[in-house]
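Below you'll find only one chain, the form predicted on its own, shown as structure tokens.
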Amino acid sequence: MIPDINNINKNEAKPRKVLFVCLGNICRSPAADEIFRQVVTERGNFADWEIDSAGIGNWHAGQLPDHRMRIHARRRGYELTHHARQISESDFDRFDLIIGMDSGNISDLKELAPSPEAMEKIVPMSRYFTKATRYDHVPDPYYEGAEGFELVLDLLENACDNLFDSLT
């Protein structure tokens, strides 16, 4: 079930809270986190938002994003300084929307969700794609070359713009 994003704190004074999730929180989700922060800063009021990212696993907890992702992101004006962390049960209470990068992440998030209400907050990032409609997920660039990181950034830029539009 997909949450009714039209009712996510649109008319309330409290911040809208969005969490991006990938496998290890060192490539896709920290990039989505930073890209969405810039979209919100440029097009909205950042004080009205809480944005974060996390990983399904804790393999990279405390680490900066993958150096290759940081290099490709920096070329586009994004500075990735987030330190990896693992998603926790409290994130399901804290965030209004939890966005998984691929079907594996979505499946894992649904298994971790502590309640049916929490499960309703989970959506795939691909829901917000409009340019690269042949993709139904954000592919993991970890084992790819430069093209993989550039593709991920292209997909995330498009999706983050559309996510902002859908929430405002």
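Model, not experiment: these values are computed from the prediction. A residue's number is simply how far along the shown sequence it sits, counting from 1.
The form predicted together with 4-nitrophenyl phosphate (4NP) is left out here; the points below concern that form.
K.L.:
Since only the chain is shown here, I'm wondering whether P141 would be in contact with 4-nitrophenyl phosphate (4NP) in the model of the complex (any heavy atom pair within 4.5 Å).
P.N.:
Flag for P141 set to yes.
K.L.:
Test of understanding: in the model of the complex, would A32 fall inside 4.5 Å of 4-nitrophenyl phosphate (4NP) by heavy atoms?
P.N.:
Although 4-nitrophenyl phosphate (4NP) is absent here, A32 would stay clear of it in the model of the complex, with no heavy atoms inside 4.5 Å.
K.L.:
Applying a 4.5 Å heavy atom distance criterion, does V18 contact 4-nitrophenyl phosphate (4NP) in the model of the complex?
P.N.:
V18: no, not in contact with 4-nitrophenyl phosphate (4NP) in the model of the complex.
K.L.:
Is C27 near 4-nitrophenyl phosphate (4NP)? Define near as a heavy atom within 4.5 Å, in the model of the complex.
P.N.:
Yes.
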